[in-house]
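The data below hold one chain only, encoded as structure tokens and taken in the form predicted alone.
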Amino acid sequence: MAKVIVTAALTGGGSTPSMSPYLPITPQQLADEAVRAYEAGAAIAHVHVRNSETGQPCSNLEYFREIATKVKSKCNIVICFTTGGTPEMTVAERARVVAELNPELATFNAGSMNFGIFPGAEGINEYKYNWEKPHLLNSENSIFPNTFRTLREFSQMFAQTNTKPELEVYDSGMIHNLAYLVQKGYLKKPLHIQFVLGTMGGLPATVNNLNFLYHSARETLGEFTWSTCAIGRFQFPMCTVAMIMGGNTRVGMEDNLYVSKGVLAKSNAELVEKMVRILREFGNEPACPDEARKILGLKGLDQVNY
């Protein structure tokens, strides 16, 4: 019986409050969502933060700290902080959460890319907040920057805090970026990779593309642990394929707001529960947080700064 890590990506930055009334926004809502996801079978909670009044994505360090502290008081789920941010944020803003909170795990985006969320505006007739439409439409003319210099600087910061990088790979060129960082000693093996499929600007969410990324990474980087996430309706099909291939899975409202066709998920826990049902149909079980720590080689909850 294989143990599969299920990550719950709670809110992200691509969805807006007008898309779903269930999207968690405040630190309390996000902390509650993380605990419910843990109870449903998630071993990791991937955390972005939003302005508590408007729901706009932000990088408020105290929000990150509040969420992590509240979650830690209720359960031992692994917290994976984002360093992705938004195009408006500086590298320092994006990376501050690692430098200050010394988490066990945080995202590390492996290269620059177009990152379009502007098609999301097509299905919204009325916006709840004024920032939402510009936030979506401006992505048509912005780039998600992760230069070789910032990759080096991020690598050094992760090493200083003994934070495990979750290496986000959206396209095959990013695998070669990681190989360069390993060659120079900026990244240490064993690596943990997340293949991200279906973003506008990255590889489409297909079985062939996942197979291509996985085997390209194996040829280039050797052994590694890995997970997959996919956008929208591709979330569960691609996570199921990843699980069958021996990988781990990420579900949640950052990537997909629907639990089934036309039915909005009322919580991240619903999405986790569905993924757990699927993996159990194949004779697998969800890893608990401490099992995930062992699989990924994390430093432990006693060594974080929150």
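What you see is a predicted model, and the numbers here were worked out from it, not measured in a lab. One rule holds for the numbers: they count along the sequence shown, beginning at 1.
Below, we turn to the form predicted together with (5S)-5-amino-3-OXO-hexanoic acid (KMH), even though it does not appear here.
- Residues N162, F224 and R293 are none of them found to lie within 4.5 Å of (5S)-5-amino-3-OXO-hexanoic acid (KMH) in the predicted complex, as judged by heavy atom distances.
- Though the partner is left out of this view, D255 does reach within 4.5 Å of (5S)-5-amino-3-OXO-hexanoic acid (KMH) in the predicted complex, counting heavy atoms only.
- Contact check for Y214: no non-hydrogen atom falls within 4.5 Å of (5S)-5-amino-3-OXO-hexanoic acid (KMH) in the predicted complex.
- Remark: V78 does not count among the residues lining (5S)-5-amino-3-OXO-hexanoic acid (KMH) in the predicted complex, judged by a heavy atom distance of 4.5 Å or less.
- By the criterion of a heavy atom within 4.5 Å, E132 is excluded from the residues contacting (5S)-5-amino-3-OXO-hexanoic acid (KMH) in the predicted complex.
- Among the residues G120, G202, G111, G84, the one placing a heavy atom within 4.5 Å of (5S)-5-amino-3-OXO-hexanoic acid (KMH) in the predicted complex is G84.
- Only one of the listed residues (T107, N177, S139, S155) places a non-hydrogen atom within 4.5 angstroms of (5S)-5-amino-3-OXO-hexanoic acid (KMH) in the predicted complex, and that residue is T107.
- In summary, the region of this chain contacting (5S)-5-amino-3-OXO-hexanoic acid (KMH) in the predicted complex, judged by heavy atoms within 4.5 Å and restricted to 65-73, 274-282, 43-51, 233-241, corresponds to 43-51.
- Taking a 4.5 Å heavy atom cutoff to (5S)-5-amino-3-OXO-hexanoic acid (KMH) in the predicted complex, the contacting residues in 160-182 are E168, Y170.
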